[in-house]
Every structure is written in structure tokens, then in C-alpha cells.
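One chain comes next, on its own, written out as C-alpha cells in the form predicted alone.
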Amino acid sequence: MQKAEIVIIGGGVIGSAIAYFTAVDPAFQGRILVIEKDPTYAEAATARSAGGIRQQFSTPENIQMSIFGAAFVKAAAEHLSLPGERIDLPFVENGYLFLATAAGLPVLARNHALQTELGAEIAFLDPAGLRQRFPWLNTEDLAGGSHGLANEGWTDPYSLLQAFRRKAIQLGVEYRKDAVAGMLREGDRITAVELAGGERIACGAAVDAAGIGATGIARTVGVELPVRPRKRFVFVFDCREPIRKAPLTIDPSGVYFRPEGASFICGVSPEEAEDRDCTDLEVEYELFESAIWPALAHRVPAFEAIKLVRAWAGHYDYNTLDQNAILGRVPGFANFYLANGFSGHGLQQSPAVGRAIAELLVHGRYRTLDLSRFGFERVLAGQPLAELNVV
């Protein structure tokens, strides 16, 4: 039987970030094996995300994770370059713009106070300030907004994933194309990971970073995760009238949009009653016609005349308890770790999560940023960690 000190199940941006940060730690010695069923990542959540990075959250740890994530992406050349190949990741630093009506303004103000206290550069704007900064915006029904002035924007998700993966491989991490059928448990330890073909790989520690497949993996050793596959759509449209340097804008309706080259992308999360488990990638264009376009046209008058160009679907590993990540060692296990349930925030949190899980694996504790509030203990206790700024 083959053996690896660490087996990471899932080689997307989270699994690859964990592999990188573990391998780069001078205190780690041993074999790291990443099992990824589709190394093309054609249907992976990472490659199909909008690539956003923001500090405008309501939970301190989410803010701090994304502050680190933005700094890491901006300094990617320092961290992820390969011998003879400099790695520079794109980062469009246009910020996020959260808009609020009178009903939502108190929450926006409280979030802003926390964000700035933790070092995020966020401007709190009244309607006049919004009109001055964004003259293309309809502010008639708005009471205010918050705009990220630095370290907010978007990057290329696939490039970040590949940069983590390639650097991890250069550091000695092995990637294997295969599917994981389950794990074997003896007492409080995961002893081996079983592959779809029947082969077993003994492990010193196992990390479940399998995205929408995480629940099925954990269930093989009696752990039930509240993580479900939920489908999200990204629609691409063109507008004849130029909108200069637009941020990623979140309307009070929940509809968001941002520039993508000469075009724009947009989307919205469905109502909770309509947000069902789903693993297909079929696009539901009716959502654009009935919900998204009317909201866009109301908020930006120039968007009354737009042309839908294309669309795609991707998946969230959606935490139905509180839409926050589930991180860390599973209670009752000595060597089983979770990194899933990101609910759409995985890309921007991947550097901080990679660092954090690597610290647990190598040093047995969080050393840089304490993320214990995201532990599985809250799931077992049925105590959600509320995040108010879910897009």
C-alpha cells in the first residue's frame, strides 16, 4: 500500500493552496498527495467563479482572510513564481460597491465600522457622494453605499488555481488523477483513502477539500456536513454606452454586476425556497429576463439597452447552516481536516485558508490567524456564525 503523510482530496484552488502552504513550510517533511478527479478543471467551481476579492464582510475573520488574500494575489510573483518563469496575476482594483436603501443602511454602517477598524479601506457614501463618484448610477431610492478604495476587485480564478498548483508541484507535491470512493477509519484516525478503482493510500492526515463532493467523502466515516451543491449563473452582456471604471456593484435587490473587458458580467442568488441541490450546469436564461435585467435597468439607466452575449453556470459548495466555511480538524478525529462549505467565497479566501490548514497540519494549531470560529464544532452544536454580506 502506498503512503503519504498528507492526502488532500480535491485539487481545486482550496486544495492546491493547502498543498502549497504545507510544502513551503520549512518544518514539513514528507509526501503530499493531492487527489483530483478532473485535472482539466472544466467543471470546477474555481474556473467558473467571478473571481471577486473583497473585505466588505460582517465577520471579522472573513475580513481578515480577504485582506490577506488580496495582498497575496498582488504579490503573487514573490510567492508563486517558478524557476525561469515569473507569475503575475491580474488584479482589477475597482473595488466593491454595496448599495443600501434606508432599511439596509444601519447594517451597512455597522459593517463599515468593523471593516475600517480591521484596516480595510472602505468609503461610506451618502447619495450625493454616490452620484459624484458614479454619475451613471440611479440613486433615487438609495440611502447610501460603501465602496472599497483599495485591495478590492477581481482576479482571474483559473490563473490563481494554476499558479498554486504548479508551484506546489515544483515544491514536490504530487497530483494524481482519480476519484475518491471513501476513507477508512480505525478509532479516531483516518488510516487510508480509498480510490474509485479500489486502491488504498495510507495517510498520516486526510484533508477533505472536495467542494460539492465534500459531503459524500465525509459521510464515509460518519461525518455529516451541511454542505450542498447549489447552482449559480453568470450572465455576460454588452452595453453601448460606456460606464467608466465600474466597481463590482451589489444592488439592494441582490443583483450584482461588474465590468469584464469591454463587456459586463452579472448574476443574483436565487430565493432560498428556490435554491435546490443541483449538480448540472444548464443555464436558466429566464432568471436574467425576469429578475436581473429589470434590476440592472433600474439601477443604471444605460443598462435599459443591453445585449445578452452568453452565460455559464457553476456550483457553490453551499453551507446551509450559515454560508460560512467549515475549517479545521473534525472533533473526535486525530487526523481528519475539513476545508469546504465556502458558499462562493472560496477563491478569495484560498490563500488564508491554505495557510491556516497548513499551520494545523504542520504545527497543530493556528499560528497566524485564529479561524477556530469556523470549526465543525458550531455545526455539531447547531450554532450558526452569521455573515450578513453574502452575495
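In this text, residue numbers run from 1 along the sequence as written. Model, not experiment: these values are computed from the prediction.
The discussion below concerns the form predicted in complex with a small molecule, not included here.
Novice: Have a look at 234, 243, 105, 123 for me and say which one sits with a heavy atom within 4.5 Å of the small molecule in the model of the complex.
Specialist: Only one option qualifies, and that one is 234.
Novice: Name the residue from 179, 114, 287, 311 that puts a heavy atom within 4.5 Å of the small molecule in the model of the complex.
Specialist: For this set of options, the contacting one is 179.
Novice: Would residue 64 sit within 4.5 Å of the small molecule in the model of the complex, counting heavy atoms only?
Specialist: Flag for residue 64 set to no.
Novice: Can you tell me if residue 19 lies within 4.5 angstroms of the small molecule in the model of the complex, counting non-hydrogen atoms only?
Specialist: Because no heavy atom of residue 19 falls inside 4.5 Å of the small molecule in the model of the complex, the answer is no.
Novice: Counting only non-hydrogen atoms and a 4.5 angstroms cut-off, does residue 37 reach the small molecule in the model of the complex?
Specialist: Yes, contact at 4.5 Å.
Novice: If you check in the model of the complex, is residue 69 within 4.5 Å of the small molecule, heavy atoms only?
Specialist: Output for residue 69 is no: heavy atoms all beyond 4.5 Å of the small molecule.
Novice: Within 4.5 Å, heavy atoms only, one stretch in 288 to 296, 218 to 226, 78 to 86, 313 to 321 touches the small molecule in the model of the complex. Which?
Specialist: Contact-bearing stretch, as computed: 313 to 321.
Novice: Mind checking whether each of 91, 166 and 175 has a heavy atom within 4.5 Å of the small molecule in the model of the complex?
Specialist: Contact check failed for every one of 91, 166 and 175.
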